[in-house]
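For reference, the chain that follows is the form predicted on its own, supplied as structure tokens.
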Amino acid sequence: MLQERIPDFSKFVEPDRVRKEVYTDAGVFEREMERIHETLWIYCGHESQVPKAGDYYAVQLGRQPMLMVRGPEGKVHVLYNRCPHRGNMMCGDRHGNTGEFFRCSYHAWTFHHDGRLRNIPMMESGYQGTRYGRDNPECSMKRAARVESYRGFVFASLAKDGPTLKEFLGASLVAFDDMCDRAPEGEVEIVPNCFRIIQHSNWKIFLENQLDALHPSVTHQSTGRAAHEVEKMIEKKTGKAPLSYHMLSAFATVTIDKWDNFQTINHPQGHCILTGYMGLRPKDPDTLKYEKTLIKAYGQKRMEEILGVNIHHVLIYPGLSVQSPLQQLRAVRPLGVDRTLTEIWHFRLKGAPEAIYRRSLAYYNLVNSPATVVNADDLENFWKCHQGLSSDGGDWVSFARHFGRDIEKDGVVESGPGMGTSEAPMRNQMKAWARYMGNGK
């Protein structure tokens, strides 16, 4: 057994490097599911995905198929997608509405929206004298041990003990505050379509890439350079270039030294905040109209505070990447040691002008869509990384860039001044990984 062969997972992780087995060993992956993805707080979805009683959305937490469902009292529940009778999945569709109750398609056992048993066919005659009936909690659909929501974002933990959601999220709460505060009504609502990508690589490779401030100017340079050339050509002809081209040209015009002006703030839970917001706040009529809407809702001072939040990206370990200024997030669902599903969601700022939604939608389609060359660049690198790690070409993965120059205070690690491209986020994630794998909270 892997646990006998390698009893101490911390030996996989050194301060500036990790063993390749962390990414390639199927036994390590199974332990990760148990100790991390089926223990920590994992993002399920947004409350606006299930607006009416009986609405449900299927979601994978670790290895567990789950259902996020809205009850008649308005509460959102998270249940295992399994009938307690013979194990049939309660819902086979990704989303829908159950009506007034869940009904198993196999033998018609029915359940309330919170999972409680409603009725078993022939309960009085067929199950008399058996252990099965309303008084047995095993006859109800099993619930996630803990479910909490913050500003409409629903998380669940399959472990009965542990920190509260707010305690776990800590400073990374700013991701949801920043997104919701940008809405004149203080709330966001989900855009129903979702991009789904299966990456043929380990889930941690994706997470590490999200806060890797060095790679954009390298990996995406060809995309940025082409967009920049077209942008300049249009500007020369018309006097003004469309903002959408700047979303892509920035990958070439924001050079490596400029990325070093960013900063990463790394927290003990494995979370990380990348500061240095590349804001889309030009002085065009659409932006000015949006600012007036915010001033009406919050006042001039608060509007400036909201739009001045200095965040580019927030990574919430172990499975969420949030770009709050652009109202998008990516949820990571590991499927196997070399297969990872990422769900890319987009949100609308309630009360904001339509043009502001269209602007963020353009970024969603141009940068985060599976059809873009930006995403294709990343996906190729993820696959190539996993293939190389699976070879005998070396045993270690290096996270040594700016190692020894981090600034630590009260358990929080910041990259040093002018070191935004530091691999501090990767070091921090793996330090948290080793602790979680050792069953530490």
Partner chain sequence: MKTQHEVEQFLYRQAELLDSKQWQAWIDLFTDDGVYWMPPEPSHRTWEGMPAIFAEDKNLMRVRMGRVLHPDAWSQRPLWGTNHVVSNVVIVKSSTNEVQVRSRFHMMELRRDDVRHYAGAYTHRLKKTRGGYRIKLQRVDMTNAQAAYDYVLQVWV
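Everything quoted here is computed from the prediction, not taken from an experiment. Numbering follows the first chain given and starts at 1.
Not pictured, yet referred to below: the form predicted together with the partner chain.
The closest heavy atom approach of Ile197 to the partner chain in the predicted complex falls within 4.5 Å. In the predicted complex, the partner chain lies within 4.5 Å of some heavy atom of Arg94.
The partner chain is not shown here, but in the predicted complex it comes within 4.5 Å of a heavy atom of Asn193. Although the partner is absent here, Tyr150 sits far enough away that none of its heavy atoms falls within 4.5 Å of the partner chain in the predicted complex. If you check the partner chain in the predicted complex, you find no heavy atom from any of Val22, Glu30 and Ala145 within 4.5 Å. Only one segment in the set 32-40, 412-420, 58-66, 371-379 has any non-hydrogen atom within 4.5 angstroms of the partner chain in the predicted complex, and it is 371-379. In summary, among the residues Thr110, Asn261, Asn365, Asn88, the only one with a non-hydrogen atom within 4.5 Å of the partner chain in the predicted complex is Asn365. Taking a 4.5 Å heavy atom cutoff to the partner chain in the predicted complex, the contact residue among Ala226, Ile256, Leu307, Ala171 is Ala226. Contacts between 199-219 and the partner chain, taken as any heavy atom within 4.5 Å in the predicted complex, involve His200, Val218, Thr219.
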